[in-house]
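Below sits a lone chain in structure tokens, taken as the form predicted alone.
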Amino acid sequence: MGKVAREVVEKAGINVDELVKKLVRAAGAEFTTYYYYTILRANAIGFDGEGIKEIIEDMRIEDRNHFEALVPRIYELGGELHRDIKDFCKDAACPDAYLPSNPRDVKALLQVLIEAERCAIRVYADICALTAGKDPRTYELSAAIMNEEIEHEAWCSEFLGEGPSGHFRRGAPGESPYVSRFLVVPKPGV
């Protein structure tokens, strides 16, 4: 734990225990979404499903990256992840992104995805509101994750015909353009 890191955040007027709980719940949502998006991606088949498979993969890998970026901050503030994964998943900030009853219904699959992204945006907007001007590190991390979640929602919204997203392909799936600076990636051969 970063003793001074926690102390500085407390002195800024943030209830650190409340913040850590929000971060743990957000990490739980990212972890479970990664799992459920794996199932959703596997079921995105056929002509329509293949059209969204790469986007689901991008969202899936980026959610894993979000989890990986959140964990160090949780521990820096004196928190920890649940010891039991079942408790961790039950405490997730967003509902599970279950495969729809008809997995071939691409619109239903997209609806599951968009609702998960909308929940995530609300979670990070809440954390940003709590930390704005008081905890720059947590604020910047949460804002970076929220930026990616907003793009994810926009992609799904566009596929559902809610209007153009204005977004274009960013590169390889899972690049996390906003969050990548928070990830510690080992170099090959090290």
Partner chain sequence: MERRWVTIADSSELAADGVKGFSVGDKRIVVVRYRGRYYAFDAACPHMAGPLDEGTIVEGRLECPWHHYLYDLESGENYYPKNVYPDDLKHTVAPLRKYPIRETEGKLWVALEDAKA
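These numbers come from a predicted model, not from an experiment. Numbering follows the first chain given and starts at 1.
The protein also exists as the form predicted together with the partner chain; that form is not presented, and the subsequent description refers to it.
- Note that among 158 to 166, 66 to 74, 119 to 127, 141 to 149, the stretch whose heavy atoms approach the partner chain to within 4.5 Å in the predicted bound form is 119 to 127.
- The partner chain in the predicted bound form comes within 4.5 Å of no heavy atom belonging to residue 78.
- When the partner chain is considered in the predicted bound form, residue 104 lies well away from it, no heavy atom lying within 4.5 Å.
- Taking the partner from the other structure, the partner chain in the predicted bound form has a heavy atom within 4.5 Å of a heavy atom of residue 99.
- Scanning 64 to 98 for heavy atoms within 4.5 Å of the partner chain in the predicted bound form gives 90, 91, 92, 93, 94, 95, 96, 98 in sequence order.
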